[in-house]
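The chain below stands alone, shown as structure tokens; this is the form predicted on its own.
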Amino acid sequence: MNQNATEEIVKESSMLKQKAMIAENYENLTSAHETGRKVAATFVPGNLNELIMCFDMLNNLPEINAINNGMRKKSGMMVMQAEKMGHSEDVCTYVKADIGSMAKGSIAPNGKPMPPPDLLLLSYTGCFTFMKWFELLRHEYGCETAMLHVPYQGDGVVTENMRQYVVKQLKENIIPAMERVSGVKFDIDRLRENLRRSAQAEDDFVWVMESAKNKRSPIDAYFGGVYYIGPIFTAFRGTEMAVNYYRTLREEIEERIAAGKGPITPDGDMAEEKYRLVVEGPPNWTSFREFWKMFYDEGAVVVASTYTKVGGVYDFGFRHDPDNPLETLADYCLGCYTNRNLRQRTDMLERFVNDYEADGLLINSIKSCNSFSAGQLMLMREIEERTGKPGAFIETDLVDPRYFSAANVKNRLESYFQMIEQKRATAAVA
């Protein structure tokens, strides 16, 4: 990597802010025993961070820890350790990375041991693996578990009965458990303030993601989007830090648009925009930069992705509502991407291809992630039929380096870009 380009990227204010925020959260987590703060472990989809903060609890997200270990090239050993302990090769590699990490002492990115959770908060939003994952953690830690069961949108509709079912659980199960574990009494006005800050950050976040409608796009909504979603999908939604981060990020993107610049990449500003893609499926984390480079070397920018919706589908109008605090938490959980049926996901992808004037849909099928992988070939064929734009299919995994074949992925991408060129040439002749 070019050192000067690296120095230029590091000077971006939003990147500095995000790096400091993530580091601070890990410092808070690893010092929980000293400070006496309680730790809640939960997942990104259905993440109730605004509620967790009402009880002065810290938020620890197991899949985020797995991602960090993957990007630091440490997850492969953890996955294999979990397999030695009897976990199948077909089990979600986030789970195996977490189990393997525990066997090695659960060391955080700051080099300090992670504390055991005081509460396992399972907000069940469409991924069955979450249930088994927390069952394993409960067996390991013996701590209290609170499950918020979120009805699946089988018919693609959120009914009032579904909403009230979730609200009832929040009142009768989740909040009492959090009061019991934390020793803090629930204050609904405090929740309202957190939700107000969430909605403010969500406005700027949506603006940033929709800036990709520009030609050229000032952002990459998949690889770059990974960094943009970090604060709002994890332990910062509802905080003033998140509000400031997204305000800063928006200002930076406004400047990039005014200057006619494309996305920032690990090698500096992207040189040229030749292809505009919509991507379905999570990224590969163990070879993240190598994977990204295959795109920007070819002038391919991702203008929209489903992965950046896993922690909330805000660009379809949802905002956390402080005037209806428990109901809005229910709506948030019910509307998560993993809780939507295949028809809804297909409609979403079609809208992305059309609204962002993309050249086609690329699916990154994750070997060990059933929540995303189920039905993806059908999704691709349906989008091709609806939009007339070509689709393509590649296969990797989340945090298992054994399932990333750089040569295979690169060959498929190059073939796909050739297909797009042929499609353009045919359209020009017609």
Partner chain sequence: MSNKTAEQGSTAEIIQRCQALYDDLDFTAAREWKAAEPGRKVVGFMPVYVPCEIIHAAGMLPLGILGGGDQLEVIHGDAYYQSYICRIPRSTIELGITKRLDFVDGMLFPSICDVIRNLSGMWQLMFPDVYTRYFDVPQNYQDDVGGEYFTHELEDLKSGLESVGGKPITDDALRNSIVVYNENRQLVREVYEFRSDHPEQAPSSEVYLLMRAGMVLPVEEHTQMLRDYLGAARREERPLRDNCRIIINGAFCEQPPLNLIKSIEMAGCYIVDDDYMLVNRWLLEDVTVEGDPLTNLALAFLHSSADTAAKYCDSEEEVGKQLLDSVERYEAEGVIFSAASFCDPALLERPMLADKLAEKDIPYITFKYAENSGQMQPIREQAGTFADSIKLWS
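Only a predicted model underlies this, so the values are computations on that prediction, with no experimental measurement involved. Numbering follows the first chain given and starts at 1.
FYI, the form predicted in complex with the partner chain isn't displayed, but the following is about it.
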Exactly one residue in 325, 283, 218, 126 has a non-hydrogen atom within 4.5 Å of the partner chain in the predicted bound form; which is it? 126
151, 116, 109, 76: which sits within 4.5 Å of the partner chain in the predicted bound form by any heavy atom? 151
Given that the partner is absent here, does residue 122 sit within 4.5 Å of the partner chain in the predicted bound form, heavy atoms only? yes
Is there a heavy atom of residue 86 no more than 4.5 Å from a heavy atom of the partner chain in the predicted bound form? yes
Although the partner chain is absent from this view, report whether residue 343 comes within 4.5 Å of it in the predicted bound form, heavy atoms only. yes
Heavy atom to heavy atom, is residue 44 within 4.5 Å of the partner chain in the predicted bound form? no
Only one of 64 to 72, 29 to 37, 373 to 381, 44 to 52 has residues with a heavy atom within 4.5 Å of the partner chain in the predicted bound form, and that stretch is 373 to 381
Can you confirm whether 60, 203 and 355, the three residues that make up this candidate site, all sit within 4.5 Å of the partner chain in the predicted bound form, judged by heavy atoms? no
For a quick check, can you give me the residues of 149 to 180 that have a heavy atom within 4.5 Å of the partner chain in the predicted bound form? 149, 151, 152, 154, 155, 161, 162, 165, 168, 169, 172, 173
